[in-house]
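In the form predicted alone, a lone chain appears below as structure tokens.
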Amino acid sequence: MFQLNEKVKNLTPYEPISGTYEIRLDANESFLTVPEEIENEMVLALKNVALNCYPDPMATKLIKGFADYFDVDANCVTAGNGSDEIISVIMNAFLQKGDKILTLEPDFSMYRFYAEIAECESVKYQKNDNLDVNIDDVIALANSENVRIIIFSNPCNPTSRIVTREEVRKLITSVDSLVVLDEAYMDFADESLLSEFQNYDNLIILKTCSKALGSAALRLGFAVADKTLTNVIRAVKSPYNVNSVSQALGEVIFSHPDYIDYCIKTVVESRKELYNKILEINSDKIEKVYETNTNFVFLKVKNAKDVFEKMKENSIIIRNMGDYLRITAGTKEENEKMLEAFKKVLEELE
């Protein structure tokens, strides 16, 4: 009888919350949809997609659009089927069985998942009660444990906290590890290292179209690194990893830099409003609201699970993470309805 190996036999498929709800603020998606004129361009682009042919294996035009917008060398960019695929590729390319990675907890759980699939060990740096990161402690832990990869999101998902550019530079230059800097939410902040990635031979920066660009459905992610690292990533990834439809639609989006800028500005305004309104709520159930640098608000709440379930009964989905709640910024109407229900739920649970 065939037996599953140890690393997969207890795995279960990822199952997001299913069902129909009036408001969903749990997945950090953008609430913006493309305007009609860009939508029309997308329709025309799709008409030119040859469905009988394989996609461009290097996603050349898509990468050029990305490189032009972010002002980086296109030869140093790899496109992926979402950042998840690129993370998986990195783990399989730069790790060997038994190697160690370092994560800064709490953080995006998929980092450790892909490391485990590669049969590697995860070393965890635990953030303090304020969810801050002490870079000197991270450096000391990485060097003492001889970790091969340090990977973390900046700004962080789920905490929304940020590590400064200066601190990240110090980390990169103080370790022999490969540093994978996931800047999925950096479009909403201002501490990116993207403009100086070529200064380092041990840095890979990840970007995504799923947050600021409002294109989660396309599953487009990018890795930016020096040419040596880029050549490895391109060699290990699947040859036709980004489908032609996603490439075509992504090209259209990047051809409208003003629209991208508008999306970022609009989401940031929504986030600020949501954050300030939550700060105004007078409830001893809210223990702490963390300063946010993302498109969501992260807060510590007493009986967070009960609050989540009560909000769900009101047809509003937010994210429960143990003692914490993560609430994505939505439209003005969504934010107002969520806040109204949130206040009532907190009062009911007093």
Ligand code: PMP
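Counting begins at 1, following the sequence as shown. None of these values were measured; they are calculated from a predicted model.
The same protein has a further form, the form predicted in complex with this ligand, not shown here; the description that follows concerns it.
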Quiz item: this ligand isn't shown here, but in the model of the complex which of Leu213, Ala184, Ala142, Leu104 has a heavy atom within 4.5 Å of it?
Solution: Ala184
Quiz prompt | Residue among Asp84, Glu251, Glu167, Asp99 with a heavy atom within 4.5 Å of this ligand in the model of the complex | solution = Asp84
Quiz item: Is there a heavy atom of Asn157 no more than 4.5 Å from a heavy atom of this ligand in the model of the complex?
Solution: yes
Quiz item: Would Phe108 count as a contact of this ligand in the model of the complex, using a 4.5 angstroms cut-off between non-hydrogen atoms?
Solution: yes
Quiz item: Taking heavy atoms and a 4.5 Å cut-off, does Arg148 contact this ligand in the model of the complex?
Solution: no
Quiz item: Does Leu220 make contact with this ligand in the model of the complex, using a 4.5 Å heavy atom cut-off?
Solution: yes
Quiz item: Going by heavy atoms within 4.5 Å, which of 133 to 141, 176 to 184, 242 to 250, 189 to 197 lines up against this ligand in the model of the complex?
Solution: 176 to 184
